[in-house]
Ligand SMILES: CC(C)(COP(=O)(O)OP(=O)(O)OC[C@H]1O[C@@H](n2cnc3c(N)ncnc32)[C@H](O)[C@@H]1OP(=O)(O)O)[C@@H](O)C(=O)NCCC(=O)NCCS
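A single chain, nothing else alongside it, follows as structure tokens in the form predicted on its own.
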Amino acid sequence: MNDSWPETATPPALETNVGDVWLSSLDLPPGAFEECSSYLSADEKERAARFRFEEHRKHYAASRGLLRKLLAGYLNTKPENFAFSYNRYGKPLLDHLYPELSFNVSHSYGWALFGFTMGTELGVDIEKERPDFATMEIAERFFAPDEVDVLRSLPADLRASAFFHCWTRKEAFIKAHGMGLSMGLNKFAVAFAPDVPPALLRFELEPNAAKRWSICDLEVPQGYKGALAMKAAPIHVRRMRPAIRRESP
């Protein structure tokens, strides 16, 4: 997996129709964690302190610090030099000084994806595969009817993997819109059957969306699934890992 996610110290220049995706563990060595924590704003530190478990506090601080570090590399500034605002659904945004930059973050059980592009919308999602969650009951609640039919048609031993392919592709798509689950996971359908390329099949709120959007899977650690959705066709994806500090700053 490391070969497909080369360690990169400085982000490349963003390009139109190119999605930059970074993969990182959130279990950082002490030096990297101290560095990331030093970038957090007062409200981010306060939010981190509200987590009940230390592991969750550290993962939140690591993800926000890494996001700030990557954004600073793209914007040629310092990680602590900007503030986030949030839309009504909780998606973090930068101020009006960077209207063309789109970014998205997802983390699950100690791993994170960070996505960046210029001039369009993108979303990323990573999920730990949990067989107890990948049930037909959950699918019937959140998936589109035709997706439920596809899942039901699969052999039982393939359903959990297919479920998370579907889930991450759908999550990446709704995160690109910045509306979270309020948009309705049953309002659109994605392709996810084995041996079928990932794709958006239809979206009730956007005619011809299937021709305008691209969805692709991301190679993530074993036991996880990852996906990228981007409003562009075709797209090129650049995969990277952030260079991690080992010693204390």
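Given the structure is predicted, the values throughout are model-derived calculations rather than measurements. Residue positions are given as counts along the sequence shown, with the first one as 1.
The discussion below concerns the form predicted together with the named molecule, not included here.
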query = According to a 4.5 angstroms non-hydrogen atom cut-off, is Tyr39 in contact with the named molecule in the predicted complex?
reply = no
message = Pro145 versus the named molecule, in the predicted complex: is there a non-hydrogen atom within 4.5 Å?
response = no
query = Does at least one non-hydrogen atom of Tyr60 fall within 4.5 angstroms of the named molecule in the predicted complex?
reply = yes
message = With a cut-off of 4.5 Å between heavy atoms, is Gly178 one of the residues that contacts the named molecule in the predicted complex?
response = yes
query = Should the three residues Arg202, Ile215 and Lys231 be counted as contacting the named molecule in the predicted complex, with contact defined as a heavy atom within 4.5 Å for each?
reply = no
task = Determine the residues of 211-243 with a heavy atom within 4.5 Å of the named molecule in the predicted complex and present them in sequence order; the list may be empty.
result = none
